[in-house]
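Before any questions on how it binds or moves, here is one chain, the form predicted on its own, in structure tokens.
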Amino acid sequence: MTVASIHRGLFSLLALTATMSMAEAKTDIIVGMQLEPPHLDPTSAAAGAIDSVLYANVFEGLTRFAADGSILPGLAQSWDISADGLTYTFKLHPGVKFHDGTDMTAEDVKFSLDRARAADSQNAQKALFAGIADVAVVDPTTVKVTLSAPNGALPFNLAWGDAVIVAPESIEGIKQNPIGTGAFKFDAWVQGDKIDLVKNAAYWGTPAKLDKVTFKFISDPTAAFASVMAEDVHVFAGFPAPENLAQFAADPRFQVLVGSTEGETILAMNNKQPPFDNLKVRQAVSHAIDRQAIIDGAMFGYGTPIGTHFAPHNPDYLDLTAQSAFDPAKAKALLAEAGFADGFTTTLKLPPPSYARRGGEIIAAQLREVGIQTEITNLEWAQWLEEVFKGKNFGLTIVSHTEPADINIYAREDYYFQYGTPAFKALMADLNNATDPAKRSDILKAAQKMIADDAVNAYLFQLAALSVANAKVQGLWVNAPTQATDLTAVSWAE
């Protein structure tokens, strides 16, 4: 063998090694999700699945949630608050562009906030913007937001997915072709199958480490297990089959992430539909429910019992579970006092998530023990939003409210469970006007107690954040301070 042939052989070997190394340096990722968004506009729907795909990845707000739930600057690099607490002046990052190449300026911020708070707004969290009296453009990178009353929670409110900044030029087609300012751009949506995002090469901030992201929609828990085990998906956010987690944890190919969410999982009652307009009936339902049996049976032990609509990890949480403890005898007595000694029949409408479908069967059996018969209907997510959330056509339903610190929804009498009493509205008004942390804490505790006393809903458990991922994927959120699959800092370990 000649020296030249040896050199050629070494060169070929080095080239092959380099090629293999490049092949192993993955820059794409496939993320499994159980729920598919009904459309792609986070500013006009309540479906958390929209934020799960688009929050931080495609759309950004003036502020944003960090992985630990704290509030960080987003499109606003800073803000000043007037001495009277009524005016917030936001300074925007210069040079930000939407994915279609147009500039993002203070005019777009004004358009987005005015649209969200307009009389005909379809924003699912319109109440977040109710205290805004005026939005004024100072210059292209400065916007002034004037409030009707002081609200120290404004930076928090503006971090929600419902408050992302959109452009008037692209708003007409946003539900099918979302155009934001984020580190990823929308590429394609094969409905019923997947959504593709690609890296935004012109991103104003820290660029994404991935070149392509595919969200794959797999509703069936058995299929979800098979897809992860076969490594057809690299991450499954909100893994729907908790009974399989131990098997993944024992396999070195995978990592199991167990964190907390903002998801208060409730058995919601239609407070304006008989017999749930009767306090004693609602109390009876609450006492008929064995929370731990639901957590064990539907979630395989993952979840924290709750007695009100508030996250247990929040320092202002009150543990009121004892107030509605499992007590079938008390439930029967309350039903008799309410005039339903022989029970009654109602509807139980269930959206697709496992906590609802599996939990619904367990709850139906528990209610049956006290004389309440349920007619179960399994709904797809779009059907649930239309029939239950918008149409209020239900007796009972199960859903996890994954929005952060959202006890204020109980102040809306037109919200799907139809509570919104004057007393609770007054509490929320006091909360908005309070800036002292101790006073705000007292009000939040009083609010938790009020809805527990009124047994507005049966409070089940705080949803755990359960995800399975390839062991080499790094940068994923463990906890879920908002419903999001933030991939802006995710990469593959070398």
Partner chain sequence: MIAFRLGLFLVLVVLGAAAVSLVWVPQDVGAMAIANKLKPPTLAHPMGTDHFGRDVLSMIMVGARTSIAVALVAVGIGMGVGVPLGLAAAANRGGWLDEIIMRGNDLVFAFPSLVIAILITATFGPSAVNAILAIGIFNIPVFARVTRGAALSLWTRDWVMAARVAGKGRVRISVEHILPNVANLLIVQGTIQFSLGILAEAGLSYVGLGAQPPTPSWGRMLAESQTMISFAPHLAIFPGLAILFTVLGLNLLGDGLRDALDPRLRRSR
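Residue numbers count along the first chain shown, from 1. Note that the rigid core is defined as the largest set of C-alphas that superpose within 1.5 Å between two forms. Just so it is clear, the structure is predicted and the values come from calculations on it, not from any experiment.
The discussion below concerns the form predicted in complex with the partner chain, not included here.
Relative to the partner chain in the predicted bound form, residues 362, 365 and 377 are all within 4.5 Å by at least one heavy atom. Picking from 395-403, 113-121, 289-297, 147-155 the stretch near the partner chain in the predicted bound form, with a 4.5 Å limit on heavy atoms, gives 289-297. None of the heavy atoms of residue 179 is located within 4.5 Å of the partner chain in the predicted bound form.
By the criterion of a heavy atom within 4.5 Å, residue 203 is excluded from the residues contacting the partner chain in the predicted bound form. Taking the partner from the other structure, the partner chain in the predicted bound form has no heavy atom within 4.5 Å of any heavy atom of residue 407.
Not displayed here, the partner chain is kept clear of residue 317 by more than 4.5 Å at the level of heavy atoms in the predicted bound form. Taking a 4.5 Å heavy atom cutoff to the partner chain in the predicted bound form, the contact residue among 82, 78, 222, 191 is 222. The partner is absent here; in the predicted bound form, the one residue of 260, 278, 418, 244 having a heavy atom within 4.5 Å of the partner chain is 244. Once the cores line up, the CA of residue 196 ends up less than 2 angstroms apart between the shown form and the other one. The rigid-core alignment places the CA of residue 358 2 Å or more apart between the shown form and the other one.
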